[in-house]
Ligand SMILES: Cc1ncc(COP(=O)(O)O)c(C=O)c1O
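The chain below stands alone, shown as structure tokens; this is the form predicted alone.
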Amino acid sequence: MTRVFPEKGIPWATLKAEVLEVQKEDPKWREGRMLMSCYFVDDALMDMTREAYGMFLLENALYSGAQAKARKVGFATITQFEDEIIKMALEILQGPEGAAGNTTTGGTESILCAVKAAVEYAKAERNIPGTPRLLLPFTAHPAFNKAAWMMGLEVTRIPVKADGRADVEAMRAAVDENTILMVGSAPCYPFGVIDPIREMTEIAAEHGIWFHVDACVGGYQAPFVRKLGYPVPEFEFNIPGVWTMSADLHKNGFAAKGCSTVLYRDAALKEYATFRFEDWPYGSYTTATVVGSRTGGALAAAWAVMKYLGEDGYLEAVGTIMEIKKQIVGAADAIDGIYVPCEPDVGLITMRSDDFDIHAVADAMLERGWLMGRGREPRSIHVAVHPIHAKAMNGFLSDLSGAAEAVRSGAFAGSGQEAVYAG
């Protein structure tokens, strides 16, 4: 086996040169040529984020919180960061008096926390005769199935309606005595549409079922879209039946990777997700999230971004996103053979074709230097719009038209690559 771990340390200048060489193969997201995953506003925000992150790179967020601060054994700065992040999050998402939350490392962890809380709530407050079950629209994020896999739960996914939104009556019919959690998305990632959250929560309330809104993508975008005058379905805590919500700051909150939020209607609900352990030599161990140690840098960066942008900064960024979305939807509908099946509520756009293989269009775009997402059911291509894409729109739309024509005419056949979200 070829040795990888060096016997002697390598100077950073050498390592950096190696990294820069390999990086040439990465998608050119800074040029707006990656239409997924990289949530970027501008270089000024990036520089500020990098500096704030670096200031707390080695501080451990495990040693934070009110008790740590009171005992003077933790980091008061990180405690302040998380406290203010959660307060700002609840202001944006209309949290009621007494609401609470935690920062996490990402949307998956936020979802794991909410599912764990629902499990413990069901154990304490309900008599579940069989295996606890999660009830989801087909479009809900796979992290819910990951949570079920880890916790020994069952999952039922219900087909959605033609507009991509959850089928309320089908969800109602699927509720049974073992259902402990219902989920709605704001929006679902595949189609960018927000589920009918209020109607779904009413079903959950009839049965005493925990209801979670997965707003990982839209939590820090959709409220500002609405403030700009666009029609956005309600999904926030102003709906009484919403118990918990996941919302990622490292997506449309524009923070550095590694920061999401899980929010609870009432601080008492957070207790169901809190782990406590006393039986070891070192003393009490308590965490309200899944992980233990994590860098304080992610919290410092998220706090700094939210404060730096403020409401006006988010409105400006979201306004740019919605203008780009309008351009892409209009251009896609004007291309012969391509259509947008449902009007997205935010900056996520799905394109389909009944005339040719739409994945071949994604292949043709990749050859032109554009990386797009792909959907499997139904076959589609997918764009997640960020402000960085404004500078690349003319080239993107021109190449999209050319790629579609090449596939439609038979000049380009595609690779047969299938949709893969992660792995």
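This structure is a prediction, so every number in the text was calculated from the model and none was measured. Residue indices: 1-based, along the sequence shown.
Beyond the structure shown, there is the form predicted together with this ligand, which is absent from this document and is the topic of what follows.
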> Does P187 make contact with this ligand in the model of the complex, using a 4.5 Å heavy atom cut-off?
Replying inline: yes
>> Given that this ligand is not shown alongside this chain, does T108 nevertheless sit within 4.5 Å of it in the model of the complex, heavy atom to heavy atom?
In response: yes
>> in the model of the complex, does H141 come within 4.5 Å of this ligand, counting heavy atoms only?
In response: yes
> Are any of the heavy atoms in K251 no more than 4.5 Å from a heavy atom of this ligand in the model of the complex?
Replying inline: yes
> in the model of the complex, which of the listed residues (V217, A298, L263, A147) lies with a heavy atom within 4.5 Å of this ligand?
Replying inline: V217
> So which stretch, 242-250, 314-322, 285-293, 155-163, is the one near this ligand in the model of the complex (non-hydrogen atoms, 4.5 Å)?
Replying inline: 242-250
